[in-house]
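Just the one chain here, the form predicted alone, laid out as structure tokens.
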Amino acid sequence: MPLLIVSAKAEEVTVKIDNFVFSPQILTIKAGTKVTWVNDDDIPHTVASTTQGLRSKALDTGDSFTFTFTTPGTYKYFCGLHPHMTGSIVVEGATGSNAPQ
């Protein structure tokens, strides 16, 4: 399966959970962006990380979990029920090439 990397400039983005995959698996966003994971799979999944308090309850089909990333860095996460499911959020600061001057 090809790895999909997406850069987002919007302040709210969605990560789909389906067929035991987070999509996109790698997402680049600006600090302050709100990310919502939506479970479109037939079984429950979670969003969990060992850093920054990123942890959802079990998400049934159609449930969602939202987290706002305020600090630049790379946040790796996984499904607590199916640890082989992984993803990353890369949070950029306001000093990138698109920053106001």
Partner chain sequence: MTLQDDGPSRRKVLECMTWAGTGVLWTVAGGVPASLGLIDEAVAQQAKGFTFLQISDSHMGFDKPANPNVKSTLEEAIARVRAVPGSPAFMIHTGDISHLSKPSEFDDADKIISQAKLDVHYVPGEHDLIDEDRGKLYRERYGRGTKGDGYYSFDANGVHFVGLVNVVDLKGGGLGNLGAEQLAWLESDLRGRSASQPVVVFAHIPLWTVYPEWGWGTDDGGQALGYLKRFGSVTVLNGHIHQVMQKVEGNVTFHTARSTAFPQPAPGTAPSPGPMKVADDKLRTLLGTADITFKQNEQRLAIVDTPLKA
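What you are looking at is a predicted structure, and each value in this text was computed from that prediction instead of being measured. Residue numbers count along the first chain shown, from 1.
Not on display, but discussed next: the form predicted together with the partner chain.
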Check whether residue 23 has any heavy atom within 4.5 Å of a heavy atom of the partner chain in the predicted bound form, and answer yes or no. no
In the predicted bound form, does residue 34 come within 4.5 Å of the partner chain, counting heavy atoms only? no
Taking heavy atoms only, is residue 74 within 4.5 angstroms of the partner chain in the predicted bound form? no
Does any part of residue 61 reach within 4.5 Å of the partner chain in the predicted bound form? Heavy atoms only, please. yes
Under the 4.5 Å heavy atom criterion, name the residues of 56-90 that approach the partner chain in the predicted bound form, in sequence order. 57, 58, 60, 61, 78, 80, 81, 82, 83, 84, 86
